[in-house]
Ligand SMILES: NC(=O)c1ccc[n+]([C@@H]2O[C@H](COP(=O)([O-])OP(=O)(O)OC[C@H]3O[C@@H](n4cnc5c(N)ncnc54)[C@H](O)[C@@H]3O)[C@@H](O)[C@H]2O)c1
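We begin with a single chain expressed as structure tokens, specifically the form predicted on its own.
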């Protein structure tokens, strides 16, 4: 496999899947889109044509079993992720699975156990901030030891409503704040033990909705994290990550746009959504995953990372229900993930 391009099948070619397919076709030298699958075959055919005439499927399992497909990107709806990841494991194919790994911790555990039973990693989960230059800069400073032992993570995350409809607390935590949860684990290099969450409902009469949420996390070695996630900031998409250490602190840049000063006003443009803000990260992510799959090594966020992020998210949602801190309950980490 090292002497040829990786033949990749993309399952789900909506906004995220189509982005991955186009990045593979236009920015990854050793990757090729061999097949695409979507229940909307018209959309699938259009993306396939953009990517050089890839085969089109309306059955995800048929794509996974195609002998002309070496590796699979899963970007289909969330409830399908765990089963499709398991299907890829069954035929020994590398997987880039968009988050969440599963929609409940039981299914995520089953995926981790199935991969551990193989004795080798095949799954990478789409926590793309690991490939974002500003987040990598923060990680480099923390890893260098220049700020001493990391003590505290602070994450700030704003979004805007895409359709004007209220979002549920479950959706905001599992599909948005979960990125910040992973960033906290990654940057502090530790596992969470306890979570406390508070939120402001989108609809004051419906506490299951969420406009803004705060997540407080305690870690095994004594570190803390505080995450603020605004589900409808009204002005754009913005993410920052900061780490405070014993001897200093480091924080990512909030905006990539230039600061403009005109007529007594200093201004910067805020990105409209995550696809724009993390465009570079998505490209680097698919490039790195392709090279890893060709080399038979897996260095990106693992199924274990997906499992633990979901374990923290589920504890956070339980905290919202009971109104107090909740312990994070997780299985023992299998050895293939460095346990």
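Positions refer to the first chain, counted from 1. Just so we're clear, the structure is a prediction, and the values are computed from it rather than from any experiment.
Not on display, but discussed next: the form predicted together with the ligand.
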Point to revise | the ligand in the predicted bound form: contacted by all of 163, 238 and 272, heavy atom 4.5 Å | key: no
The one residue among 179, 211, 139, 185 placing a heavy atom within 4.5 Å of the ligand in the predicted bound form is 179
The one residue among 175, 193, 168, 104 placing a heavy atom within 4.5 Å of the ligand in the predicted bound form is 175
TL;DR on 258 to 266, 198 to 206, 96 to 104, 131 to 139: the one with heavy atoms within 4.5 Å of the ligand in the predicted bound form is 96 to 104
Contact of residue 305 with the ligand in the predicted bound form (heavy atom, 4.5 Å):
no
Original post:
Is the gap between residue 228 and the ligand in the predicted bound form 4.5 Å or less for some heavy atom pair?
Top reply: no
May I ask you to check whether residue 325 falls inside a 4.5 Å heavy atom distance of the ligand in the predicted bound form? no
Self-check item: 4.5 Å heavy atom contact, residue 80 to the ligand in the predicted bound form
Solution: yes
Checked 5 to 39 against the ligand in the predicted bound form; residues with a heavy atom within 4.5 Å, sequence order, are 11, 12, 13, 14, 15, 16, 17, 37, 38, 39
